[in-house]
Ligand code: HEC
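In the block that follows, a single chain appears as structure tokens, in the form predicted on its own.
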Amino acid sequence: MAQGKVEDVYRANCASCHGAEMEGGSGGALADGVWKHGAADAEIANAISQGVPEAGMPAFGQSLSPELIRALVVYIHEKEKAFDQSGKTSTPKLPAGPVQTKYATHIVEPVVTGGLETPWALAFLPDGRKLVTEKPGRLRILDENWKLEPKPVAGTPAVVVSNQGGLLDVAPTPDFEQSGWIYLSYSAPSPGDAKSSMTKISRGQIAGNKWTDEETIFEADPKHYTKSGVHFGSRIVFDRGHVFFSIGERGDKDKAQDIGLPNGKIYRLLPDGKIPADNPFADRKDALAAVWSYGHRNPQGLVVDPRDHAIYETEHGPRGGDEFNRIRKGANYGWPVVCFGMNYNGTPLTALTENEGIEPPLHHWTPSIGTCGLAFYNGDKFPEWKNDFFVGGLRGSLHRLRVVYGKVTEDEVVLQGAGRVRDVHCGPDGFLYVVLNNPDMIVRLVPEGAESGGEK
């Protein structure tokens, strides 16, 4: 049965009929998004496997493995996406005028255009100030008018800045006005090896532009630290007296399925780091008691729906298969047993996109959008978007998702080509704030004709 890279398999089996670039031939085009025999992944896979005799297409189910057929579906979608984007500029640029979407028209208004280096996360304080993390290891303060304080907060934790690692999320507690606690996630150096790292969660306070009263909330056993520079996860949210946070599988995919290892998990703790007695694996000796869910690859979006306290998450797939999930207590989210994508080198990963005992995603993206940052919109400036989710994409897009009765009914791109979307928030003022990389800036979406107020 044929194996190898999907590009080679396509050239050997498909290009003679469908064209080297899927532009079409005797078998018609594949990249234009027009499907005669079903556009769903399962329908495309079935056409490859079983053939389309009436159209003269042979069956490949005996010569290609299910994994390779799945990889071909992903590869076709990649080419389809590239075809759709052809002719569009690749240089990041803010829209020059109003952006019309299905329900609302907005202006993209810059609020911080300089002074930041790879901003990773944004948080709002009750007094009007904002906090921004910079991946190289700095915590910055913006005043009530979005003016950047010239010096970073002194004394924040040491981080390993390597590839995707650095200072990542920042989140003040819901009772910040009383407690003053601020939580940070970051790639912490190993006590015995400064080049090895693991995601760590600490909390502290800011007094006189200094980080004080630091406490460790979660850290992995030093034996699990690694020199890998990928998949730290690192988003933090609070709900009903608990703190939830995510850690990626650090590039070691099989560890995501082991509840006794810290990789590829979402955690639930009490604010001081103690283990809640009702955590799903709190009474199991083979598990980490802090684990809330497992089987995650690299979760970089985490948010709470305040209406029912449901936790939602976005995570990076490999080459295809980015996911939007509702996080359930003790559930397995499948990585790497099931996946909608393939390996980065074009080789197949798995033929399974679902399996018994594995929680399916509410939505997935193939090709990948590079999911990073997730917001729930409960403001009043865009009533048409009330209760929608907003998903950032490092490939340069911001998506609006509508969830109705547990199903995603709409996926609309509301911002495209402005830069890598690193974080997104519904601000206290009801505007939608977006943290961008390349260029490094913060922008907000404002309804056309509305006055946003404040200084830039």
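Note that residue numbering follows the sequence shown and begins at 1. In this text the structure is predicted, and so the values were computed from the model without any measurement. So that the term is clear: the rigid core is the largest set of C-alpha atoms that superpose within 1.5 Å between two forms.
Unshown form predicted in complex with ligand HEC; subsequent notes refer to it.
- For the three residues Cys17, Gly38 and Tyr344, a heavy atom within 4.5 Å of ligand HEC turns up in the predicted bound form in every case.
- In the predicted bound form, ligand HEC sits within 4.5 Å of a heavy atom of Leu30.
- Not displayed here, ligand HEC is kept clear of Leu401 by more than 4.5 Å at the level of heavy atoms in the predicted bound form.
- Contact between Thr216 and ligand HEC in the predicted bound form is not found at the 4.5 Å heavy atom cutoff.
- Although the partner is absent here, Pro58 is a contact residue: one of its heavy atoms lies within 4.5 angstroms of ligand HEC in the predicted bound form.
- Of the residues given (Val414, Leu394, Ile48, Ala418), Ile48 alone sits with a heavy atom within 4.5 Å of ligand HEC in the predicted bound form.
- Between ligand HEC and the residues Asn163, Asn209, Thr113, Ser179, the one pair within 4.5 Å by heavy atoms in the predicted bound form involves Asn163.
- Comparing 386 to 394, 426 to 434, 60 to 68, 403 to 411 against ligand HEC in the predicted bound form, the single stretch with non-hydrogen atoms within 4.5 angstroms of it is 60 to 68.
- Once you line up the core between the shown form and the other one, the Cα of Asp429 stays within less than 2 Å of where it was.
- Taking 2 Å as the criterion, Ser16 counts as shifted between the shown form and the other one: its C-alpha moves by at least this amount when the rigid core is aligned.
- Comparing the forms between the shown form and the other one, the C-alpha position of Leu72 differs by 2 angstroms or more, with the core used for superposition.
- Inter-residue distance, Pro367 to Asn13 (Cα): reduced by at least 3 Å in the predicted bound form versus the depicted form.
- Between Ser63 and Pro348, the Cα spacing is smaller in the predicted bound form than in the shown form, differing by no less than 3 Å.
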